[in-house]
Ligand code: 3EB
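Starting off, we have a lone chain in the form predicted on its own, written out as C-alpha coordinates.
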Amino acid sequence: MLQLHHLPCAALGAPPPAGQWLGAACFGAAEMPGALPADLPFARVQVQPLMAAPTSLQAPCEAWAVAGPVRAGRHGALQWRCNDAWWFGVIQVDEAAAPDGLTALQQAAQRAYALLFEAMAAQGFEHLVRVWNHVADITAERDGLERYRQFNIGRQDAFLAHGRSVAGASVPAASALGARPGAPLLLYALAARRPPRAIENPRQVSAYHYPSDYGPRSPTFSRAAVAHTETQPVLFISGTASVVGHRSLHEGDAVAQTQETLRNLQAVLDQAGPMEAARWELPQLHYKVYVRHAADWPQIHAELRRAVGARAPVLALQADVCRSDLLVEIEAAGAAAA
(Lines give C-alpha, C1' and ligand atoms only; values in the text may rest on other atoms or scores of the structure.)
Protein backbone atom coordinates (compact mmCIF):
# COMPACT_ATOMS: atom_id res chain seq x y z
CA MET A 1 0.00 0.00 0.00
CA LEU A 2 1.19 3.50 -0.87
CA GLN A 3 -1.35 6.30 -0.59
CA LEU A 4 -1.11 10.03 -1.24
CA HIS A 5 -3.11 12.46 0.89
CA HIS A 6 -3.66 16.22 0.51
CA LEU A 7 -4.45 17.68 3.93
CA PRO A 8 -3.66 20.52 6.34
CA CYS A 9 -0.22 20.13 7.90
CA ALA A 10 -1.81 20.14 11.36
CA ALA A 11 -3.45 16.80 10.51
CA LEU A 12 -0.07 15.07 10.39
CA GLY A 13 -0.12 14.86 14.18
CA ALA A 14 -2.70 12.09 13.88
CA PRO A 15 -2.11 8.79 12.03
CA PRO A 16 -3.54 8.36 8.53
CA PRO A 17 -6.83 6.47 8.05
CA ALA A 18 -4.82 3.30 7.44
CA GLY A 19 -1.18 2.52 8.15
CA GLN A 20 1.42 5.13 9.08
CA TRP A 21 2.89 8.28 7.58
CA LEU A 22 5.98 7.67 5.48
CA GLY A 23 6.85 11.33 4.78
CA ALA A 24 5.34 14.68 3.95
CA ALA A 25 5.92 18.09 2.37
CA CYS A 26 4.29 21.30 3.58
CA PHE A 27 3.98 24.43 1.44
CA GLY A 28 4.26 28.02 2.59
CA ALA A 29 5.64 30.03 5.46
CA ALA A 30 3.20 29.08 8.22
CA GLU A 31 4.28 28.06 11.70
CA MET A 32 4.31 24.28 11.93
CA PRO A 33 2.22 22.41 14.49
CA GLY A 34 4.20 21.02 17.41
CA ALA A 35 2.62 17.58 17.30
CA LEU A 36 4.56 16.21 14.31
CA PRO A 37 6.40 12.95 14.98
CA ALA A 38 10.06 13.81 15.57
CA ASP A 39 11.28 11.13 13.16
CA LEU A 40 8.89 12.01 10.30
CA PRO A 41 10.81 13.17 7.20
CA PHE A 42 9.20 16.52 6.52
CA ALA A 43 10.03 18.90 3.67
CA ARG A 44 9.27 22.57 4.31
CA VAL A 45 8.90 23.91 0.76
CA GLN A 46 9.44 27.66 0.41
CA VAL A 47 6.69 28.40 -2.12
CA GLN A 48 3.37 30.17 -1.58
CA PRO A 49 0.09 28.21 -1.62
CA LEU A 50 -2.65 29.65 -3.81
CA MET A 51 -5.63 27.68 -2.55
CA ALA A 52 -5.39 27.82 1.24
CA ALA A 53 -4.50 30.56 3.69
CA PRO A 54 -0.97 29.90 5.03
CA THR A 55 -1.83 29.49 8.70
CA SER A 56 -0.71 26.76 11.05
CA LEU A 57 -4.14 25.10 10.71
CA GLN A 58 -4.59 25.55 6.98
CA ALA A 59 -1.09 25.23 5.48
CA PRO A 60 -1.52 22.54 2.81
CA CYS A 61 0.66 19.48 2.62
CA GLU A 62 1.03 16.27 0.68
CA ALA A 63 1.74 13.19 2.73
CA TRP A 64 2.43 9.59 1.85
CA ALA A 65 1.04 6.74 3.95
CA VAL A 66 2.08 3.09 3.99
CA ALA A 67 1.22 -0.06 5.86
CA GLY A 68 3.37 -0.39 8.99
CA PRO A 69 5.60 -1.04 10.70
CA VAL A 70 8.02 1.73 9.75
CA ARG A 71 11.52 2.58 10.84
CA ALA A 72 13.37 5.88 10.59
CA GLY A 73 16.84 7.37 10.73
CA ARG A 74 19.28 9.95 9.44
CA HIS A 75 22.20 9.86 7.03
CA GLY A 76 24.15 13.06 7.47
CA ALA A 77 21.74 15.89 6.68
CA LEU A 78 19.16 13.53 5.18
CA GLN A 79 16.21 12.25 7.21
CA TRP A 80 14.38 9.11 6.09
CA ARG A 81 11.57 6.73 6.96
CA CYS A 82 10.69 3.38 5.37
CA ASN A 83 8.69 0.21 5.60
CA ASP A 84 9.58 -3.05 3.87
CA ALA A 85 8.66 -1.76 0.41
CA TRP A 86 8.93 2.06 0.38
CA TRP A 87 11.48 4.66 1.46
CA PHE A 88 11.03 8.44 1.75
CA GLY A 89 13.87 10.91 2.31
CA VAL A 90 14.24 14.68 2.74
CA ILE A 91 17.39 16.76 2.52
CA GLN A 92 18.26 20.41 2.17
CA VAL A 93 21.75 21.67 1.40
CA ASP A 94 22.97 25.25 1.70
CA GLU A 95 24.98 26.62 -1.19
CA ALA A 96 28.54 27.32 -0.14
CA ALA A 97 31.80 28.29 -1.79
CA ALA A 98 32.83 25.57 -4.22
CA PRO A 99 36.18 24.41 -5.63
CA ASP A 100 37.36 25.86 -8.92
CA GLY A 101 35.31 24.54 -11.81
CA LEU A 102 32.13 24.10 -9.76
CA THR A 103 29.44 26.59 -8.88
CA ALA A 104 27.93 26.58 -5.40
CA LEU A 105 24.68 25.14 -6.77
CA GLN A 106 26.44 22.37 -8.71
CA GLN A 107 28.25 21.35 -5.56
CA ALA A 108 25.03 21.46 -3.50
CA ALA A 109 23.22 19.29 -6.06
CA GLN A 110 26.06 16.78 -6.15
CA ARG A 111 26.11 16.62 -2.35
CA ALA A 112 22.34 16.26 -1.98
CA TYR A 113 22.09 13.45 -4.51
CA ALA A 114 25.18 11.69 -3.14
CA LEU A 115 23.59 11.60 0.32
CA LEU A 116 20.32 10.46 -1.21
CA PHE A 117 21.92 7.51 -3.01
CA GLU A 118 24.02 6.58 0.04
CA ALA A 119 21.03 6.63 2.37
CA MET A 120 18.90 4.56 0.00
CA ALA A 121 21.64 1.96 -0.43
CA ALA A 122 22.24 1.70 3.31
CA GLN A 123 18.62 0.60 3.78
CA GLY A 124 18.55 -1.71 0.76
CA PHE A 125 16.52 0.54 -1.56
CA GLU A 126 18.16 0.66 -4.96
CA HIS A 127 15.37 2.11 -7.09
CA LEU A 128 14.67 5.84 -7.12
CA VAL A 129 11.05 6.36 -8.21
CA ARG A 130 10.21 10.05 -7.79
CA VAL A 131 12.16 13.18 -6.81
CA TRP A 132 10.95 16.70 -6.07
CA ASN A 133 13.62 19.43 -6.35
CA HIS A 134 13.29 23.07 -5.30
CA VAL A 135 15.98 25.50 -6.42
CA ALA A 136 16.03 29.16 -5.37
CA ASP A 137 16.16 31.62 -8.30
CA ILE A 138 15.92 28.68 -10.67
CA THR A 139 15.98 30.68 -13.92
CA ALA A 140 18.43 33.38 -12.80
CA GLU A 141 21.89 33.51 -14.38
CA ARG A 142 24.85 33.22 -12.02
CA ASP A 143 28.49 32.56 -12.82
CA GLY A 144 27.72 32.76 -16.53
CA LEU A 145 25.08 30.00 -16.57
CA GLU A 146 21.39 29.71 -15.69
CA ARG A 147 20.96 28.13 -12.26
CA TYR A 148 18.69 25.34 -13.49
CA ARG A 149 21.43 24.33 -15.90
CA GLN A 150 23.96 24.38 -13.06
CA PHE A 151 21.65 22.15 -11.06
CA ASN A 152 21.37 19.70 -13.98
CA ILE A 153 25.16 19.40 -14.14
CA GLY A 154 25.46 18.65 -10.42
CA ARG A 155 22.56 16.20 -10.46
CA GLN A 156 23.94 14.29 -13.44
CA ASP A 157 27.44 14.19 -11.97
CA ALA A 158 26.02 12.53 -8.84
CA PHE A 159 24.11 9.96 -10.90
CA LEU A 160 27.25 9.07 -12.84
CA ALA A 161 29.46 8.98 -9.74
CA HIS A 162 27.13 6.41 -8.18
CA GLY A 163 26.95 4.22 -11.27
CA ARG A 164 23.42 5.22 -12.20
CA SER A 165 22.06 5.63 -15.70
CA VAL A 166 21.24 9.16 -16.85
CA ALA A 167 18.94 8.02 -19.68
CA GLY A 168 16.42 5.28 -20.28
CA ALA A 169 14.31 2.96 -18.20
CA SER A 170 15.96 3.46 -14.80
CA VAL A 171 15.71 7.27 -14.68
CA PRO A 172 13.17 8.45 -12.07
CA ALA A 173 10.23 10.78 -12.49
CA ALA A 174 11.05 14.25 -11.18
CA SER A 175 10.27 17.94 -11.10
CA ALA A 176 12.43 21.00 -10.49
CA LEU A 177 10.79 24.24 -9.43
CA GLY A 178 11.79 27.49 -7.83
CA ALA A 179 11.80 28.49 -4.17
CA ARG A 180 12.05 31.81 -2.36
CA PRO A 181 15.33 33.72 -2.95
CA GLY A 182 18.08 32.51 -0.65
CA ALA A 183 16.38 29.22 0.25
CA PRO A 184 18.65 26.17 0.43
CA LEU A 185 18.46 23.47 -2.23
CA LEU A 186 15.68 21.13 -1.13
CA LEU A 187 14.83 17.71 -2.41
CA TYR A 188 12.53 14.97 -1.23
CA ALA A 189 12.20 11.57 -2.81
CA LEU A 190 10.48 8.20 -2.89
CA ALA A 191 12.42 4.98 -3.49
CA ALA A 192 11.36 1.34 -3.69
CA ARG A 193 12.82 -2.14 -3.57
CA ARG A 194 11.18 -3.02 -6.89
CA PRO A 195 12.22 -1.18 -10.06
CA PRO A 196 9.64 1.20 -11.53
CA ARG A 197 8.77 1.35 -15.20
CA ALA A 198 9.74 4.64 -16.86
CA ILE A 199 7.14 6.15 -19.18
CA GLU A 200 7.91 8.63 -21.96
CA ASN A 201 5.57 10.92 -23.87
CA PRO A 202 5.48 10.44 -27.67
CA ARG A 203 4.62 14.14 -28.07
CA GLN A 204 7.89 15.16 -26.42
CA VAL A 205 11.59 14.51 -26.77
CA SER A 206 12.76 12.65 -23.67
CA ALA A 207 14.27 15.22 -21.32
CA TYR A 208 17.54 13.28 -21.11
CA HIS A 209 17.86 13.65 -24.91
CA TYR A 210 17.35 17.42 -25.03
CA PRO A 211 19.73 19.21 -27.41
CA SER A 212 22.55 21.35 -26.03
CA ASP A 213 20.42 24.50 -26.51
CA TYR A 214 19.06 23.71 -23.03
CA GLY A 215 22.40 23.49 -21.31
CA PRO A 216 25.63 21.48 -21.21
CA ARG A 217 23.87 18.55 -19.49
CA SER A 218 20.36 17.28 -20.13
CA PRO A 219 17.90 17.00 -17.26
CA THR A 220 17.94 13.57 -15.61
CA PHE A 221 14.33 12.48 -15.37
CA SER A 222 11.68 10.44 -17.17
CA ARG A 223 8.26 11.85 -18.08
CA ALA A 224 6.60 9.46 -15.63
CA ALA A 225 7.24 6.33 -13.62
CA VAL A 226 4.96 3.46 -12.63
CA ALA A 227 5.72 1.97 -9.23
CA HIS A 228 4.52 -1.55 -8.52
CA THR A 229 2.78 -2.01 -5.18
CA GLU A 230 1.08 -4.90 -3.43
CA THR A 231 -2.22 -3.80 -4.97
CA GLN A 232 -2.65 -1.42 -7.94
CA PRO A 233 0.39 0.13 -9.64
CA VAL A 234 0.93 3.83 -8.86
CA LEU A 235 1.69 6.34 -11.61
CA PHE A 236 3.92 9.35 -10.91
CA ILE A 237 3.82 11.96 -13.67
CA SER A 238 6.76 14.35 -13.64
CA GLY A 239 6.35 18.10 -13.80
CA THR A 240 4.65 18.62 -17.18
CA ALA A 241 4.32 21.84 -19.15
CA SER A 242 3.48 23.28 -22.56
CA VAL A 243 6.36 21.58 -24.37
CA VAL A 244 6.01 19.70 -27.65
CA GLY A 245 9.12 18.07 -29.03
CA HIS A 246 11.58 20.02 -26.94
CA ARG A 247 10.20 23.51 -27.52
CA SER A 248 7.95 25.63 -25.29
CA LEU A 249 4.67 26.64 -26.94
CA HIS A 250 2.13 29.45 -26.42
CA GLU A 251 4.43 32.04 -24.89
CA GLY A 252 2.54 34.51 -22.71
CA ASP A 253 -0.78 32.61 -22.87
CA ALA A 254 -1.53 30.82 -19.61
CA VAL A 255 -4.78 29.28 -20.89
CA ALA A 256 -3.22 27.81 -24.03
CA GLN A 257 -0.24 26.55 -22.02
CA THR A 258 -2.59 24.81 -19.58
CA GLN A 259 -4.49 23.18 -22.44
CA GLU A 260 -1.23 21.95 -24.02
CA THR A 261 -0.05 20.67 -20.66
CA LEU A 262 -3.27 18.71 -20.23
CA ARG A 263 -2.77 17.15 -23.68
CA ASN A 264 0.67 16.04 -22.53
CA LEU A 265 -0.73 14.56 -19.32
CA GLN A 266 -3.29 12.59 -21.33
CA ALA A 267 -0.57 11.36 -23.67
CA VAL A 268 1.33 9.95 -20.69
CA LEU A 269 -1.80 8.14 -19.49
CA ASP A 270 -2.30 6.74 -22.99
CA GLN A 271 1.25 5.34 -22.90
CA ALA A 272 1.16 4.00 -19.37
CA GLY A 273 -2.14 2.12 -19.55
CA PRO A 274 -1.30 -0.40 -22.29
CA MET A 275 2.24 -0.88 -20.98
CA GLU A 276 0.90 -1.86 -17.55
CA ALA A 277 -2.38 -3.48 -18.63
CA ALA A 278 -3.96 -0.97 -16.28
CA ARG A 279 -6.13 2.12 -16.52
CA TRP A 280 -5.57 5.68 -15.36
CA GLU A 281 -7.92 8.57 -16.04
CA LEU A 282 -7.37 12.27 -15.41
CA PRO A 283 -10.21 12.64 -12.84
CA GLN A 284 -8.79 9.95 -10.53
CA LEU A 285 -5.35 11.53 -10.00
CA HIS A 286 -3.97 13.93 -7.39
CA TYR A 287 -2.57 17.15 -8.90
CA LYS A 288 0.03 19.71 -7.90
CA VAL A 289 0.03 22.86 -10.02
CA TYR A 290 2.88 25.39 -10.10
CA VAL A 291 1.87 28.84 -11.34
CA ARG A 292 4.42 31.54 -12.18
CA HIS A 293 2.01 34.47 -11.75
CA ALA A 294 -0.72 34.20 -9.12
CA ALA A 295 -3.06 36.32 -11.24
CA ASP A 296 -3.15 33.49 -13.84
CA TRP A 297 -4.42 30.91 -11.36
CA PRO A 298 -8.21 31.41 -11.83
CA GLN A 299 -7.95 30.79 -15.59
CA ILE A 300 -5.56 27.87 -15.12
CA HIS A 301 -7.85 26.40 -12.46
CA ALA A 302 -10.88 26.66 -14.75
CA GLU A 303 -9.08 24.79 -17.56
CA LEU A 304 -7.83 22.15 -15.17
CA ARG A 305 -11.28 21.54 -13.70
CA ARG A 306 -12.80 21.24 -17.17
CA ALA A 307 -10.40 18.36 -17.82
CA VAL A 308 -10.24 16.59 -14.45
CA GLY A 309 -13.60 17.42 -12.87
CA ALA A 310 -14.52 19.04 -9.59
CA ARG A 311 -13.50 16.23 -7.24
CA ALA A 312 -9.85 15.54 -8.14
CA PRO A 313 -7.55 16.78 -5.33
CA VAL A 314 -5.50 19.80 -6.40
CA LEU A 315 -2.70 21.72 -4.67
CA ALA A 316 -1.82 25.05 -6.29
CA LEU A 317 1.46 26.81 -5.59
CA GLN A 318 3.10 29.99 -6.82
CA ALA A 319 6.57 29.02 -8.03
CA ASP A 320 8.93 29.70 -10.89
CA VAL A 321 8.98 27.00 -13.56
CA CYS A 322 12.36 25.86 -14.90
CA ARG A 323 11.97 27.73 -18.20
CA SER A 324 11.29 31.44 -18.03
CA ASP A 325 8.73 31.27 -20.87
CA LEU A 326 6.57 28.67 -19.10
CA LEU A 327 3.72 29.97 -16.95
CA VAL A 328 2.38 26.72 -15.53
CA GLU A 329 3.58 23.22 -14.72
CA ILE A 330 1.41 20.33 -13.53
CA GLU A 331 2.39 17.04 -11.94
CA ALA A 332 0.10 14.18 -10.99
CA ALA A 333 0.05 10.87 -9.15
CA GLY A 334 -2.42 8.10 -8.49
CA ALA A 335 -3.09 4.39 -8.33
CA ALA A 336 -4.56 2.57 -11.29
CA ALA A 337 -8.29 2.01 -11.31
CA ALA A 338 -9.27 -1.24 -9.60
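Predicted model, so just to flag it, every value in this text is computed and none were measured. For every residue, the number given is its place in the sequence shown, counted from 1.
Omitted here: the form predicted in complex with this ligand. The next part is about that form.
S.K.: Among 226-234, 167-175, 189-197, 90-98, which stretch sits within 4.5 Å of this ligand in the predicted bound form, heavy atoms only?
M.R.: Of the options, only 167-175 has residues within 4.5 Å of the partner.
S.K.: Is this ligand in the predicted bound form near all of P41, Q79 and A121, within 4.5 Å of a heavy atom of each?
M.R.: No, none of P41, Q79 and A121 comes within 4.5 Å of this ligand in the predicted bound form.
S.K.: Between the options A25, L317, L326, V314, which residue brings a heavy atom to within 4.5 Å of this ligand in the predicted bound form?
M.R.: Looking at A25, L317, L326, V314 one by one, just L326 meets the 4.5 Å heavy-atom criterion.
S.K.: Select from the listed residues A104, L185, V243, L262 the one whose heavy atoms reach within 4.5 Å of this ligand in the predicted bound form.
M.R.: In short, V243.
S.K.: Even though this ligand is not shown here, does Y210 get within 4.5 Å of it in the predicted bound form, heavy atoms only?
M.R.: Output for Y210 is yes: heavy atoms within 4.5 Å of this ligand.
S.K.: According to a 4.5 angstroms non-hydrogen atom cut-off, is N152 in contact with this ligand in the predicted bound form?
M.R.: Heavy-atom contact with this ligand at 4.5 Å: present for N152.
S.K.: Please check if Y148 has a heavy atom lying within 4.5 Å of any heavy atom of this ligand in the predicted bound form.
M.R.: Because a heavy atom of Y148 falls inside 4.5 Å of this ligand in the predicted bound form, the answer is yes.
S.K.: Counting only non-hydrogen atoms and a 4.5 angstroms cut-off, does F221 reach this ligand in the predicted bound form?
M.R.: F221: contacts this ligand in the predicted bound form.
S.K.: For a quick check, can you give me the residues of 103-140 that have a heavy atom within 4.5 Å of this ligand in the predicted bound form?
M.R.: Read in sequence order, the lone residue that approaches this ligand (within 4.5 Å, in the predicted bound form) is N133.
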